[in-house]
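A single chain comes next, written as structure tokens; it is the form predicted on its own.
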Amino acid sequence: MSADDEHPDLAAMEQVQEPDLDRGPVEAWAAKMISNPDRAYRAMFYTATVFFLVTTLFPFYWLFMVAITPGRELSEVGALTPGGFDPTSFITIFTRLPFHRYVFNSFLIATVATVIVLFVASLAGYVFGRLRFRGKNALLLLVLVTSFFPPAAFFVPLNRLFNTQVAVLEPIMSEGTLYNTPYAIFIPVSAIFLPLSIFILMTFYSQIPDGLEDAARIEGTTRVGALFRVIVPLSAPGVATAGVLTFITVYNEYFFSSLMTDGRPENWAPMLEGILAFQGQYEVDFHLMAAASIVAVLPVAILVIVAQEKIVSGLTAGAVKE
């Protein structure tokens, strides 16, 4: 006796074929996505990527079109094509103004502020992340509350402080004040952006096993030595994330930079002051402002490209617990 004779109902069900359903294009696409989830995930990923690239890169493309269009033909700039071709704008920004000095000022101030923030945040992050003491949570909350205030709330006392003549500073500063000096810029911005770096580094430092630090201290290393020789190298993604975020924020900072200087490049005026210098009283050179914006963003773009792997791993660390 065959298997079909034993199970006649099963054989009959196999012979009956289900008729094709009359699905529309959307229903058919949804059925394919449900039957093949990997394909659905890839489609969602590519859609989100294309949307992100278009919305992010199109402003830079528009800036480039405005930059290569002659000033008298800016009204002819189309949706995807420039109104002309004149790449001399990228040269004019350096000949009309010392724009390179503006960029250098912002770059140096951002670099110094980043170094200060990372050094202080490493010490504070070690204390909050690896030590136990009474009142730690309250003190950490007090530190984080500082970042909740807008920068404008600190301007009046800081402006009076940095414009006060100090006898000790007279041999170093021409007027005996910190006004028109880089100290009046990177000191307040470092203090404002310090809490975020402390929180990031505290999170990474607390995940380092105690055995590694104990092994370093058995070899005769102090706590500070173990911090910079063991903990910081093992927390490289977090350090890179905090450093890059601080650098980008300080590099693009304008509030304190514009109010603590008189706008001249020799007095440490920032990059944004140089861009706004192409805005006159009766006319605005939009093509020069666009070219200056593209040149000013290059240092940050290069930094992000170089450190993108560390940034991504630092931002996603701890998202999945194994």
Partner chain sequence: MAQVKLENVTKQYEDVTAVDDMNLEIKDGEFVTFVGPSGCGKSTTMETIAGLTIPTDGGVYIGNENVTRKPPKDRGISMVFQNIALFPHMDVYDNISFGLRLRKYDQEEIDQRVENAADVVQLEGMMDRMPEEMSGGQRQRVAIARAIVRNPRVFLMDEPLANLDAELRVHMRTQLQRLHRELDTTIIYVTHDQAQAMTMSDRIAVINSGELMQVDPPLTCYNEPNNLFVAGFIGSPSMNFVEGQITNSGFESEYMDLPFDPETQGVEPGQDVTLGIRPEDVYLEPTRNQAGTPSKTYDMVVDVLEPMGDEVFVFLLAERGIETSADEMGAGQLLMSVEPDADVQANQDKQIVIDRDRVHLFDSETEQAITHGLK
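All values reported here derive from a predicted model rather than from experimental measurement. Numbering follows the first chain given and starts at 1.
Beyond the structure shown, there is the form predicted in complex with its partner chain, which is absent from this document and is the topic of what follows.
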| item | value |
| --- | --- |
| Region of this chain that lies against its partner chain in the predicted complex, out of 204-212, 177-185, 244-252, 84-92 [heavy atom, 4.5 Å] | 204-212 |
| Single option in I218, L131, L142, V156 placed near its partner chain in the predicted complex, where near means a heavy atom within 4.5 Å | I218 |
| Single option in N137, S75, Q165, T222 placed near its partner chain in the predicted complex, where near means a heavy atom within 4.5 Å | T222 |
| Distance check, V120 to its partner chain in the predicted complex, heavy atom within 4.5 Å | no |
| Distance check, A191 to its partner chain in the predicted complex, heavy atom within 4.5 Å | no |
| 4.5 Å heavy atom contact, L234 and its partner chain in the predicted complex | yes |
| Contact test in the predicted complex: R229 vs its partner chain, heavy atoms, 4.5 Å | yes |
| Neighbours of its partner chain in the predicted complex among 273-298 [non-hydrogen atom within 4.5 angstroms] | none |
